[in-house]
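We begin with a single chain expressed as structure tokens, specifically the form predicted on its own.
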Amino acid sequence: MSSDNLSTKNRILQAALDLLETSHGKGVRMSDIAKRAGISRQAVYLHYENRAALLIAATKYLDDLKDSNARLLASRTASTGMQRLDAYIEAWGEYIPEIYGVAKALMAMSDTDEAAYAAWDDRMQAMREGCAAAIEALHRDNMLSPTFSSEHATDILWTQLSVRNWEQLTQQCGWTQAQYIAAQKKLAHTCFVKA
């Protein structure tokens, strides 16, 4: 891929992210993105076949910009299930504030916008995979509480760490990031770690 082509793709993706962040999900049409990127609407379609593909690519681009792989390294290389669980909660908990504007826009749009739903669901399924890996590491170490199956523990951890729950605790209840992360770890240990 030529550098001009890559530059155009990056401009499109950045325009989509900027619009999601600033418009809170309103007015994020292909034409709006094209205008913001300084290109034609047809040029956007040359790179992305539809809006869902573009929004999914934009959220993955955000992960690349924020270096999500580096953030997850401690979790992915942890030597024990407990370490993996804690590292995953820390990484995700610290990441949420950085993606919150885009996440909030996609969540707001998801009920009535299939493309936004597809983009948000794609990212949340990736986040669920991280939860599943942490729970599986506990199971592998024979440290998973028998209270829940691995599948149910994953479901619960995924729900526990949702952006909406973070929003409620930090934005509505006034918790600090440190309080949020400490509480999520404690709750996860209580629910999922064998006594």
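All values reported here derive from a predicted model rather than from experimental measurement. Numbering starts at 1 and runs along the sequence shown.
From this point on, the text means the form predicted in complex with a further copy of the same chain, which you will not see here.
Q: Indicate whether a further copy of the same chain has at least one heavy atom within 4.5 Å of a heavy atom of T190 in the predicted bound form.
A: Residue-level check for T190: yes, a contact with a further copy of the same chain.
Q: Within a 4.5 Å heavy atom cut-off, is Y45 in contact with a further copy of the same chain in the predicted bound form?
A: Y45: no, not in contact with a further copy of the same chain in the predicted bound form.
Q: Wondering, does I156 line up within 4.5 Å of a further copy of the same chain in the predicted bound form on heavy atoms?
A: I156 belongs to the contact set for a further copy of the same chain.
Q: Is there any non-hydrogen atom of E98 lying within 4.5 Å of a further copy of the same chain in the predicted bound form?
A: No.
Q: So, A108, S162 and C173: all three within 4.5 Å of a further copy of the same chain in the predicted bound form by heavy atoms, or not?
A: All three within 4.5 Å in the predicted bound form.
Q: Of the options T147, S40, S150, N50, which one has a non-hydrogen atom that comes within 4.5 Å of a further copy of the same chain in the predicted bound form?
A: For this set of options, the contacting one is T147.
Q: Identify, from the list K66, K60, H139, K26, the residue with a heavy atom within 4.5 Å of a further copy of the same chain in the predicted bound form.
A: If I apply the 4.5 Å criterion carefully, the residue I get is K26.
Q: Among the candidate stretches 165-173, 66-74, 52-60, 31-39, which one is within 4.5 Å of a further copy of the same chain in the predicted bound form when only heavy atoms are counted?
A: Of the stretches listed, the one contacting the partner is 165-173.
Q: Does anything in 89-124 come within 4.5 Å of a further copy of the same chain in the predicted bound form by heavy atoms, and if so which residues, in order?
A: Contacting residues: K104, A108, D111, Y117, D121.
Q: Can you confirm the direction of the Cα distance change for Q125 and R51 in the predicted bound form, closer or farther than in this form, given it is 3 Å or more?
A: Farther is correct, given that in the predicted bound form the C-alpha spacing of Q125 to R51 is increased by at least 3 Å.
Q: So the CA-CA distance for D122 and R51 moves by at least 3 angstroms in the predicted bound form. Closer or farther than here?
A: Farther apart, by at least 3 Å.
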